[in-house]
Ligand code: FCA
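The chain below stands alone and is given as structure tokens, in the form predicted on its own.
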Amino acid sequence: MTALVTGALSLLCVSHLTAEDVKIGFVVKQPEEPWFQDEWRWADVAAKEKGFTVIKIGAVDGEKVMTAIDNLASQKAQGYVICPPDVKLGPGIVAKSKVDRLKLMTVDDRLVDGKGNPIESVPHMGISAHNIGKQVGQAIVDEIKKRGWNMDEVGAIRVTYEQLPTAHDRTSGATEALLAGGFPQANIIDTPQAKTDTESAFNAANIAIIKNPKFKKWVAFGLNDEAVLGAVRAAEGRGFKADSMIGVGIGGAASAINEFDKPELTGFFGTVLISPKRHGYETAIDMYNWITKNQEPAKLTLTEGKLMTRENQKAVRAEFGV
């Protein structure tokens, strides 16, 4: 009986909401990153279409996340989408959202509980990290074969960041595809990076190259474009240019586009572009429908990407709304 009354009251409240009443938060962990800027941009497109308001907030740590949630409540938002700075904040974010009576959906990185398991009660739109990793690995295998390289002479720089489940899944997927394509397991060199940026990847890859002088050619993969660009720069510093290096990133960041636009080829061969359009636009629409129609989003939606190279970048970027 209580459940029926609660549901009826919820529907009654929904029925009185107009689009102008709806305020949706969109909280991201790195607001300066082009990926998150694009997510916000597409969320704004959804807001313009439907007539609601998007409140955009950057929250780089746990304290700022909690402040952001209170901020949204004080502005009378009804719900929010978040890419958390740390997935282990999950229990705290869920509890805080309930206290502030805000609907919660995650994007990109999925919240985990105290045991490290996904919090499946929170709707999530993420990236099929393992499958995207497999796309990276397959692209590398295809290019190795196209160039006629002897795989026994090729080293693979696997830039790892095991603290983040998404990073683990991406590099695992790439490794799986490499091995399936005949690449020797012994030639894959783990290069842990301290942070998920180009400088950390450069430092890690540089050490790997120095310690393995037997390899005549290199390939590289990791969490994102920055990881691979760091490895490519390190390889260049050791004399490995575009004809002896194949790096395939993930994300289609501005840094990747800049690499393609250089007049001369570099070791950065390609990137698997993922769609900020879906992650920004669709999550905002999902939250809007949840607030106004009581239509809860799917508990799990996973998106995939497409290999983008110097040759096809314009067509792929147009297709993905970048």
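In case it trips you up, residue 1 is the first one in the sequence shown, and so on. Since the structure is predicted, the reported quantities are computational estimates derived from the model, not experimental observations. In this text, rigid core is short for the largest set of C-alphas that superpose within 1.5 Å between two forms.
The same protein also exists as the form predicted together with alpha-D-fucopyranose (FCA); that form is not shown, yet it is the one meant from here on.
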| property | result |
| --- | --- |
| Partner-facing stretch of 71-79, 173-181, 133-141, 220-228, counted where any non-hydrogen atom is within 4.5 angstroms of alpha-D-fucopyranose (FCA) in the predicted complex | 220-228 |
| All of Lys29, Glu33 and Cys83 with a heavy atom within 4.5 Å of alpha-D-fucopyranose (FCA) in the predicted complex | yes |
| Interface residue in the predicted complex among Val65, Ile274, Ile291, Val54, criterion: non-hydrogen atom within 4.5 angstroms of alpha-D-fucopyranose (FCA) | Ile274 |
| Any non-hydrogen atom of Asp109 within 4.5 angstroms of alpha-D-fucopyranose (FCA) in the predicted complex | yes |
| Sequence-ordered residues of 44-62 touching alpha-D-fucopyranose (FCA) in the predicted complex, heavy atom within 4.5 Å | none |
| Is_shifted Ala253 between this form and the one not shown (CA, 2 Å cut-off, rigid core) | yes |
